[in-house]
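In structure tokens, one chain follows: the form predicted on its own.
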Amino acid sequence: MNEIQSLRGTADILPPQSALWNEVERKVAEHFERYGYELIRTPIIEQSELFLRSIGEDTDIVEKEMYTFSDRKGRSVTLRPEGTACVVRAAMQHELLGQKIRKFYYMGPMFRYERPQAGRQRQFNQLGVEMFGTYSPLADAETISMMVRLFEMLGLKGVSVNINTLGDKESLEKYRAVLRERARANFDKFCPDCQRRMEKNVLRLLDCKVPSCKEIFQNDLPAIKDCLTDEAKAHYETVLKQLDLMGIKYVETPQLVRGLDYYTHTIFEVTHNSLGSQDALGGGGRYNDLVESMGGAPTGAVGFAIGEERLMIALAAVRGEEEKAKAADVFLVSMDEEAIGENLVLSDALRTAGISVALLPEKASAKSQFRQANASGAPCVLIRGGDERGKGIWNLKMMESGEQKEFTKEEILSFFKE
């Protein structure tokens, strides 16, 4: 019988790497909460209509990458390919949006059927934030700065912020018309997907990954900044000015687009040179029309998402060494069978006090136990056997110096608490 393997495009996160994931997610949650964001958890599976309406039917995600199937009642359901639409749906369904600004953060798995590569899996993990209830460009700047400061806090120095604007509805309508007219002159040079998109959703031309199409956009197609209304231009300039005041370095990138239809005004992407050619850690922007398009009241909104796999690759590269498993605080060595039960009682008391303990819950030689104590990274061991039992003590040995000292159970608890 063939051994069952994980599916292509999925990955097991194993120790010691899982320790890094725990550390990062804990620090990320603390960082987001300092900015006033609250955790929200949404289902992995949603009605397909949610993503058709929010992401856009002509996007690569909807056309090629979604895991969509019919359930037993014939309803079309989809494994979530991104987090924003799910958060919007949850916030609307539970009436969380109103007069005040609401801030949510999320983390968890997403699913897209695409070619697996380093940092890009078919099941991948995202960290993200969404802010609802404000149209202020200063909120855009704060969101970008929060993302940059997060990476700096985690140890990723020198990230690059690429920024652009899509303007408001009027700007986009004007740009679509100009873009379509200029694009028709290059029709024969575009790939088949772009030729089809030209009439259905001309903005999707900007998201094409085919090198020849990207070259046409950079050299022969207009930039949206040339079509901005005065209001949209003022919004964008305010964002840039505030980033300057906060000391956030950025690069204006006219060719930058996002792969989702719901973005308006500011869009941005953060990259790091440790990731090679696929250097994006994450990105986001403003999406003022999404809540209304899903049946809610007009609501200003801005957010971003970070790919956790990419983030872990960058952190491993910067740290320059393979992540080690978290060391235990102490290893308990049992010299006889009775000592195993006694050490289990002691370990329970130590763990309740917040001390990390490693031990073998079965009979093993002293040599084997000390070998595992070394592997655990514990700085000391507590030894219990017949001699120690007779004295009512445990023998503490420091692994590096070899220094030994006798402790009662009460003295052990005090020692480790201090």
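If you're wondering where the values come from, they're calculated on a predicted model, not measured in any experiment. Numbers for residues come from their place in the sequence shown, where the first is 1.
A second form of this protein, the form predicted in complex with adenosine monophosphate, is not displayed here; the remarks below concern that form.
- Shown alone here, Gly303 lies farther than 4.5 Å from adenosine monophosphate in the model of the complex, counting heavy atoms only.
- Shown alone here, Asp329 lies farther than 4.5 Å from adenosine monophosphate in the model of the complex, counting heavy atoms only.
- Using a 4.5 Å cutoff between non-hydrogen atoms, Glu114 counts as a contact of adenosine monophosphate in the model of the complex.
- Among residues of the shown chain, Arg310 is one whose heavy atoms approach adenosine monophosphate to within 4.5 Å in the model of the complex.
- No residue in the set Pro137, Ser145 and Thr264 has a non-hydrogen atom no more than 4.5 Å from adenosine monophosphate in the model of the complex.
- Residues placing heavy atoms within 4.5 Å of adenosine monophosphate in the model of the complex fall in a single listed stretch, namely 116-124, out of 69-77, 116-124, 343-351, 154-162.
- Proximity to adenosine monophosphate in the model of the complex, taken as a non-hydrogen atom within 4.5 angstroms, holds for one residue of Lys225, Arg102, Arg176, Arg258, which is Arg258.
- Residue in contact with adenosine monophosphate in the model of the complex (any heavy atom within 4.5 Å), chosen from Ala339, Cys86, Leu205, Leu281: Leu281.
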